[in-house]
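The chain below stands alone, shown as structure tokens; this is the form predicted alone.
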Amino acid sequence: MTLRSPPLSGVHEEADARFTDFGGWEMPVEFASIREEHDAVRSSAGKFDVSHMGEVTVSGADAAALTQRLTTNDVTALDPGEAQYSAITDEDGVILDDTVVYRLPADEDEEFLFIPNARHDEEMTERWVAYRDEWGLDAAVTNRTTEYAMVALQGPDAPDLLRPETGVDIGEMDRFDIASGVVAGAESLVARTGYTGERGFEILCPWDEAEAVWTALECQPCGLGARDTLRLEMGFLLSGQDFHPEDEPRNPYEAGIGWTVKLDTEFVGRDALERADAEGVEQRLVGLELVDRGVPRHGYEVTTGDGDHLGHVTSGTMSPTLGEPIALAYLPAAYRDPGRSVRVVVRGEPKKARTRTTPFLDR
């Protein structure tokens, strides 16, 4: 299958980036080194091309009603210019995708923009359209993934880098705010969101003007490798690894994002999640830190000290900031308490580890 390419492919090639297939997109995974890029974001700033993320707009008289019934959070709580993290679940309460829903800045009509993960844009557009038609709602659903490029600027210096390039009053923006304005000459949406735990912004600009925005933000270019180590230090979920409807079917309570579920609203999967909330779940996604030397990786088994199977690692790495091997793993719910001793089987060798709360990094 032909891979999709972001609008900045040529720019990344000139920068000698190393590429990888991520969700059907050929994306830069590394420019300098993962460690160097990771450290730049924690200490100063880094920029990411995240144009592989989907963008779907929902507008019209029933835009809020439609999105409310297809996401687990309370869309009606959003004022214009605000955003929220949410989950998209099936009838059984299994996470199909996680997303950020933006209520776009004020105009006369309500319009929402949500961000499916890579490869999910077409599937989610079809889902919104199908349910709109089934429920007879008045809403226009448009997949704009190839209209918007997205650049994430993350790190403590991000505001100082962005401020000279935009008229948006970014100093007034709270986390999960979104505003419209010009960035490096491009009409854009500027969101105070991110996936690293650092202060930062995500800039949605026209596909054909991505290079102007990217070039204006003079800081370390970062690939998806650093994005993964940064998000894991914060305990943020990765679609396809920490949940997947077929390979890792999990509901929001198991995945540790039960706070996004508003049971006083009506949405697909609500009844199943109400039961899960009342009855509890058997497994939870918990943080692990290895005591012994070794690096936990996706799929590694987790056992008791006696070798009894407990679960498996979904994400793992050597934390560049902490200098410690860390992981997320689905384990029996009792193991959510910090300090429980377990073993992670690394290349056939059981390595001592203990449970701990997430995020791993205080931000």
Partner chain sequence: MSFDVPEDLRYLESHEWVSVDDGVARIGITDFAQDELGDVVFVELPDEGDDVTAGEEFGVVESIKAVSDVYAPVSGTVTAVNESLFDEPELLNEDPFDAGWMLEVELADEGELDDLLSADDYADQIA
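No experiment lies behind these values; they were computed from the predicted model shown. Positions refer to the first chain, counted from 1.
FYI, the form predicted together with the partner chain isn't displayed, but the following is about it.
The candidate spot formed by V50, G200 and G223 is out of contact with the partner chain in the predicted bound form: none of the three has a heavy atom within 4.5 Å. Exactly one of the stretches 50 to 58, 64 to 72, 32 to 40, 330 to 338 approaches the partner chain in the predicted bound form with heavy atoms within 4.5 Å, and it is 32 to 40. Residue contact with the partner chain in the predicted bound form: G311 places no heavy atom within 4.5 Å of it. At the 4.5 Å threshold, heavy atoms of R18 reach the partner chain in the predicted bound form.
Contact annotation for T229: at least one heavy atom lies within 4.5 Å of the partner chain in the predicted bound form.
Contact check for T303: no non-hydrogen atom falls within 4.5 Å of the partner chain in the predicted bound form. Of the candidates R293, R175, R144, R275, R293 is the one whose heavy atoms come within 4.5 Å of the partner chain in the predicted bound form; the others do not.
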